[in-house]
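In the block that follows, a single chain appears as structure tokens, in the form predicted alone.
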């Protein structure tokens, strides 16, 4: 038995030019939309989400994050590099130890909004 999902579509033939014009004027430019899509892709990996959760609580070094997540340091370093490239985390050196933390408070806000959304009923 085949199950099909009905997708609502518009059957009108009138183009609402004033609506299109208004929305077009408020949309971010193409480069900004691309950057936003790239940012959201970073949130698409469970390991990176776990790292961010850990960093919400405390600044940590790679060794500590690896121990917490029961992963090797190389895998954690790779994910931290991705998070640094998208400016979600930053680092500081203290002697030979490198500590990672959230780049700014916006990251926690983005994360919290995502949690609120998925917990809605």
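Residue numbers count along the first chain shown, from 1. None of these values were measured; they are calculated from a predicted model.
There is another form of this protein, the form predicted in complex with another copy of the chain, and it is not shown here; the text below is about that form.
Trainee: Residue-level contact is defined here as any heavy atom of the residue lying within 4.5 Å of another copy of the chain in the predicted complex; does residue 95 satisfy this criterion?
Mentor: Residue 95 lies outside the contact set for another copy of the chain.
Trainee: With a 4.5 Å heavy atom cut-off, would you call residue 79 a contact of another copy of the chain in the predicted complex?
Mentor: So residue 79 does not count as contacting another copy of the chain.
Trainee: So, residue 41 and another copy of the chain: in the predicted complex, are they within 4.5 Å at any heavy atom pair?
Mentor: Answer yes; at least one heavy atom of residue 41 falls within 4.5 Å of another copy of the chain in the predicted complex.
Trainee: Is there any non-hydrogen atom of residue 46 lying within 4.5 Å of another copy of the chain in the predicted complex?
Mentor: Residue-level check for residue 46: yes, a contact with another copy of the chain.
Trainee: For the heavy atom contacts within 4.5 Å of another copy of the chain in the predicted complex, list the residues of 20 to 43 involved, in sequence order.
Mentor: The stretch touches the partner through 20, 22, 23, 24, 26, 27, 28, 30, 32, 33, 34, 35, 36, 37, 39, 40, 41, 43.
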